[in-house]
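Single chain ahead, by itself, as structure tokens, in the form predicted alone.
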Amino acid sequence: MAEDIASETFLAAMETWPFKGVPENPTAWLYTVAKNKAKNLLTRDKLFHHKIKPMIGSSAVAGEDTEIDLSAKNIADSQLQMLFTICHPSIPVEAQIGLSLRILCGFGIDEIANAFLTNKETINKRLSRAKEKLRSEKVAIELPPGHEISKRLDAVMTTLYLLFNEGYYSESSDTVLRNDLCLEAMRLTYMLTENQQTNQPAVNALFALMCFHASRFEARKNEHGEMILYHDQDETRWNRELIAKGVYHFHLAASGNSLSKYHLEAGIAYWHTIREDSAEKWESILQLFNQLLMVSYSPVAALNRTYALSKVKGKKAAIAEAEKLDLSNDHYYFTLLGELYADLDKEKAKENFLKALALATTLPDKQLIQAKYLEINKK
């Protein structure tokens, strides 16, 4: 019913705005129209039930004394309630994250499958089982009590982290950046910082991480939509306001005595907002990666660490570390090796770039690898 009302509201906007112009406050217009449509529907239901219910012996009246609260606070609270409801301990964490991405954030099955590095069939089965479990457990849509919140917060943060990552670097889209997904993740994470029960150090660290990355959005692609690597970005296009916001929340994250992966990743992202290519910068980044691998190991983090290692100890040392990883199905792995070999062994660099090109799945990746291969050929 809510979906139908929302669809009818947007349809009304499409039919009205082209002729009467976009209203001064489009959001308020949409909320008002949706609210009125909902009230009309409930009124019709009320009239219907007044006539039919007495005949079947029921006194229930739909829509009686109904007032729809569309305040910003109620909307925010409702979204947080839904997020924590989906992240219920009765279902596995992978299913919690998948359901959140699907229901609350609007991810497609392909995008979720890519996020979990699995196939669509597995995701469909996982989501179906999770929804059935929530139904059978009769899980209410509400914020859990205080002692339960911390148990579910990890899954909630992982969901928002994956949502931001899919926008920042999409594995399922031929676009460099999907601002809509990143901004949605930031909006939901900021709501967590605004709620007294969920405003915890790790949440602030996650939001700081997002701010630091988002600060370089405008510099990450050129006028043709092609990817621009970090060292080639125009620093004047970095958003200093977002960097300052990230620093503020990073300071808030320093309270307490726990160290999450979000703290360490935010620290790495912070150093990337400092353009100066100093020894201190890369040594700090390398040490943060070393800690991150101990707290939360991942092949991606291990691979990124080798780039920092090349800045601190040289390319030969980095190549030795990278080749130990042996990520033979990862185009990032071969792209990095191509980069590291570029000034040491031209043929090996070309060989690795060709392997990376064969494994790359998105157009921006292929364009970037091809450009690097051609650059090597010119030397």
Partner chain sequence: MNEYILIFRHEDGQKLASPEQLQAWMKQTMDWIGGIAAQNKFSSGTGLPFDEARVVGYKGVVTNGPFGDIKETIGGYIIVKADSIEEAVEFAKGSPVLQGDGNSVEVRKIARNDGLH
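Since the structure is predicted, the reported quantities are computational estimates derived from the model, not experimental observations. Residue numbers count along the first chain shown, from 1.
The same protein also has a form predicted in complex with its partner chain, omitted here; what follows describes it.
- Among heavy atoms of Lys313, some come within 4.5 Å of its partner chain in the predicted complex.
- Proximity of Glu283 to its partner chain in the predicted complex: non-hydrogen atoms within 4.5 Å are present.
- In the predicted complex, none of the heavy atoms of Leu117 sits within 4.5 Å of a heavy atom of its partner chain.
- Taking non-hydrogen atoms only, Glu321 approaches its partner chain to within 4.5 angstroms in the predicted complex.
- Annotation: in the predicted complex, residues Asn290, Arg305 and Leu325 each come within 4.5 Å of its partner chain through at least one heavy atom.
- Only one segment in the set 153-161, 247-255, 295-303, 88-96 has any non-hydrogen atom within 4.5 angstroms of its partner chain in the predicted complex, and it is 295-303.
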